[in-house]
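Encoded as structure tokens, the following chain is the form predicted alone, with no partner shown.
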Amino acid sequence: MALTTAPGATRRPGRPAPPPRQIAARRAGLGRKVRDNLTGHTFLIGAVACFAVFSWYPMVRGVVMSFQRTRRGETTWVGWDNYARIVADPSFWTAWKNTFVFTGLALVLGYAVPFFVAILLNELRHAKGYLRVLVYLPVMLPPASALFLFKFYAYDPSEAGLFNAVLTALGLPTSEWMQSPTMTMPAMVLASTWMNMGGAVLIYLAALQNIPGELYEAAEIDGAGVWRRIVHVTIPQTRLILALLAMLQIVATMQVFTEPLILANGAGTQDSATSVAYLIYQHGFFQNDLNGAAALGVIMLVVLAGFSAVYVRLTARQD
């Protein structure tokens, strides 16, 4: 039976098949790309699997557990009851107050001090390498060891303690340090700053060394002193690094846990050291309230995500 074409219609010729050589070349090119990227894909699969198992799954599981209640092996959905119970606990607000105080003091001391130490090291002409190692040395110590050093040696409330001995030599009144509700938080911030400032100092040093020297020379010609050079040259040129480390500082200090656990034995005098992270630890391991701990963890996640969103918004406007 012959095929006919309707009047006025144009017959489209069929697309010719590619020659065999072209097909073979395409297959060879595809195989070469797969072989070239096989190593990278293998490493990527491993990293994604690690994140999925050890980061993403626990986060999703924690959110699910925060809406459940487990009693004697039976799990039931309770909606927002865990959140309401956690928020009604007076220790919830005490922990958040202490956490925000610690974060604020850490921004004043632990954020500004490394920046000015980096400026000082950058201005030195001799023994730069030695001083960098000296500044970074506390970071290489295990956090528990460093905190026990502060607890039993520096913060000893008797006159045998390092800081009290210095105060006595200067004719100043001594302190009870971690046994004093008013000094607990500053003492923890001081120890945390000493332990962690080395990494920030090295990052600031790398940023400072990328500032063109012509800018400082022009400022000196205009009669700018040291402080004006810092304000009008150094800080604007390191603005992005300063903003990034400020965000990282907030996220890290709001999860403070090791300092109150070791220095203040957890809660501290009159709950002066209870942090949100330590409260999660209490609910999960002392009160066997995993669902309440999960709800508190989700609240912290939301708060930190809010800070991160504000940071992204502000940096996007500045760019």
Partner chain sequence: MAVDSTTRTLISPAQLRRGRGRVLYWAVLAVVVAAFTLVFLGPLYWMVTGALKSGQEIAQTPPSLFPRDPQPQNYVDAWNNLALAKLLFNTFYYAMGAVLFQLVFDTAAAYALSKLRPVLGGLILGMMLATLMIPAMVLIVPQYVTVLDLPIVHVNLLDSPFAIWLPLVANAFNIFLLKRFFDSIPEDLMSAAVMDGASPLRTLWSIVLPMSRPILGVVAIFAVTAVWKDFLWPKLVMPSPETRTVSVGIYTFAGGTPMNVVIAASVIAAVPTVVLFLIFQRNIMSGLTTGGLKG
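Everything numeric in this text was worked out from a predicted model, so none of it was measured. Numbering follows the first chain given and starts at 1.
If you look for the form predicted together with its partner chain, you will not find it shown, but the lines that follow are about it.
Though its partner chain is absent from this view, in the predicted bound form it lies within 4.5 Å of a heavy atom of just one residue from Ala112, Ala206, Ala246, Leu172, which is Ala206. Using a 4.5 angstroms threshold between heavy atoms, Lys128 counts as touching its partner chain in the predicted bound form.
Although the partner is absent here, Gln255 is a contact residue: one of its heavy atoms lies within 4.5 angstroms of its partner chain in the predicted bound form. Contact check for Leu124: a heavy atom falls within 4.5 Å of its partner chain in the predicted bound form. For the chain shown alone, Thr103 is not a contact residue for its partner chain in the predicted bound form, no non-hydrogen atom being within 4.5 angstroms. Contacts of stretch 123-155 with its partner chain in the predicted bound form, defined by any heavy atom lying within 4.5 Å, are made by Glu123, Leu124, Arg125, His126, Ala127, Lys128, Gly129, Tyr130, Leu131, Arg132, Val133, Leu134, Val135, Tyr136, Leu137, Pro138, Val139, Met140, Leu141, Pro142, Pro143, Ala144, Ser145, Phe148, Leu149, Phe152, Tyr153, listed in sequence order.
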